[in-house]
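In the form predicted alone, a lone chain appears below as structure tokens.
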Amino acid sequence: MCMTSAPLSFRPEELLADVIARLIGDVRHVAVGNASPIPATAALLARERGNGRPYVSLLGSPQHTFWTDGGRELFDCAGQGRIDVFFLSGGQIDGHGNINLVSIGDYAHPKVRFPGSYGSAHLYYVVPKVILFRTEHSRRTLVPDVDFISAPGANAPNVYRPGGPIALVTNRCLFSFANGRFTLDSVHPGHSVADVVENTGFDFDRPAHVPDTEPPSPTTLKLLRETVAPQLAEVYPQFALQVFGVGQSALTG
């Protein structure tokens, strides 16, 4: 596998959104939590490709959600089996699929304190397809074992669990997740398997040949830039402007 030296015709955020949209697949309902612009982009892209399916709920967006009670209604929908895909991240993610949203170091005297878990453990257990994402792929973030388990990637055999992680998308690669382990599925343009190994703190499986991640097609880029980006401007105005050059004026233009 060779690292490309040619300039890319797409932004990294567009590649990641395309990768995540393909992972979403043909489902009924995708929900996106707070501060998740790339998963939100992917969910809206999946909806455009599916001609209105799946239904997309963006927490904090009056335009793209039917919720009237914020996070509590999100948890209710998930518990009732009415959400098919959700997204989680963490300050740390380990090779067992555990995520840490609490702290690094001794719990009583942490070196770093994160915002907190909120409902991640509940959603991790009940949403059938949880896609993990982390835009910083380093040994600091992808660790052998998290310092605090906010939400576990696996559970005891006698615990009923309809949901859980199916993949991890980072700025370097795509991992799938099954049977308690990650497998390297593809490496993004500009990176290599050696690059991924060097910057990953946990062990993972990989085939003899790891393909490059398929780049977004011209059709996908057109959808992202002309149709999805204006919709993003409502809830993620800074992201839409920085990545796509689309301001909130696009909402009324």
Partner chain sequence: MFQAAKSLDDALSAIADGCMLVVPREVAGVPMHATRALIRRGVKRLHLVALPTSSLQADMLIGAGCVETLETSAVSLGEFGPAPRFTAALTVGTIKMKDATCPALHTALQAAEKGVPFMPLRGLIGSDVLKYRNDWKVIDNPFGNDDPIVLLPAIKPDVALIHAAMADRFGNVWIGRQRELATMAHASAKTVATVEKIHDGNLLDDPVLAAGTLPGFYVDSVAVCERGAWPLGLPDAYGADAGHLAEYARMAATVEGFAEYLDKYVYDKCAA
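All of these numbers come straight from a predicted model, not from anything done at the bench. Positions refer to the first chain, counted from 1.
Only in words, not in the display: the form predicted in complex with its partner chain, which the text now covers.
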| task | Please name which of the stretches 104-112, 88-96, 163-171, 129-137 has residues with heavy atoms lying within 4.5 Å of its partner chain in the predicted complex. | result | 104-112
| Does each of Tyr55, Cys77 and Ser120 have at least one heavy atom within 4.5 Å of its partner chain in the predicted complex? | yes
| message | I'd like to check something about His29: if you look in the predicted complex, is any of its heavy atoms closer than or equal to 4.5 Å to a heavy atom of its partner chain? | response | yes
| request: Give a yes/no on whether Trp67 approaches its partner chain to within 4.5 Å in the predicted complex, heavy atoms considered. | output: yes
| request: State yes or no: in the predicted complex, is some non-hydrogen atom of Asp145 no more than 4.5 angstroms from a non-hydrogen atom of its partner chain? | output: no
| query | If you check in the predicted complex, is Gly116 within 4.5 Å of its partner chain, heavy atoms only? | reply | yes
| remark: Contacts from 209-225 to its partner chain in the predicted complex (any heavy atom within 4.5 Å), listed N to C, are none
